[in-house]
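This document starts with one chain, in the form predicted on its own, laid out as structure tokens.
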């Protein structure tokens, strides 16, 4: 699929300052899309990284703005979409990538942990979809949610998986609800990706270090799937979740490296 499809269009990536989100932003910028790079904190490391992604995009010939917004706050989301409209006058791609979660077993989750899980990883995505819908419906567009294998497999220290599963269900509902407005909605379920979250996960599950390197997916590979789903071919996968895990989930049992 040629990158020409994205030239002059506008993409908003939540959690776009680092990891998978930054890789997606860079890939869409290379395709010619203008960017709205969302990050949570107005100051600090995430703000610096988001500005860096924007500078890279600008060097490649596209416009890019970094917008601080905690997506768990409906007013912040509305302000972010209003900024996107002021800057570009349109929105063609919404990538729902932002996530926050504690790495704890369910029995140790505090009330604030539970609220964080639901407010950021479910309500936040719903707020983004609701606010983006009028812009996306103007000329048709694409929504891509970034999920993970925790949505379908047990992991004792990964309660975020339940929210990912809820969002994969929402993707199906949104595809049916908004398809007639020219909006495609799909998801990519990423396997093990060595992002900041993985660094934390391996501390509670050190056995992950024994998996062979060939089973890890890079942020750039996930970004390629997002690029594909956000393009013309995405309509074929309306409401579906594509698993991109290098075959990690194909086997119930897998020998560890060196065993």
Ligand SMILES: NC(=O)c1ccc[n+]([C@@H]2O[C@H](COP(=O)([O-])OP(=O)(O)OC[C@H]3O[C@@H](n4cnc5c(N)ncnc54)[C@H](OP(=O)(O)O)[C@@H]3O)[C@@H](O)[C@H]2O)c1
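From a predicted model like this one, the values you see are computed outputs, not experimental measurements. Residue numbers count along the first chain shown, from 1.
The form predicted together with this ligand is left out here; the points below concern that form.
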Point to revise | Partner-proximal stretch of 83-91, 146-154, 174-182, 130-138 relative to this ligand in the model of the complex, 4.5 angstroms, heavy atom | key: 146-154
Point to revise | in the model of the complex, residue 18 touching this ligand (heavy atom, 4.5 Å) | key: yes
**Study point:** is_contact(residue 71, this ligand) in the model of the complex, heavy atom dist at most 4.5 Å
**Key:** yes
Review point. Does residue 186 make contact with this ligand in the model of the complex, using a 4.5 Å heavy atom cut-off?
Key: no
Review point. Any chance residue 209 has a heavy atom within 4.5 Å of this ligand in the model of the complex?
Key: no
Point to revise | Triplet 164, 193 and 197 all within 4.5 Å of this ligand in the model of the complex via a heavy atom | key: yes
Practice item. May I ask you to list the residues of 25-47 that have any heavy atom within 4.5 angstroms of this ligand in the model of the complex, in sequence order? Key: 38, 39, 40, 41, 46
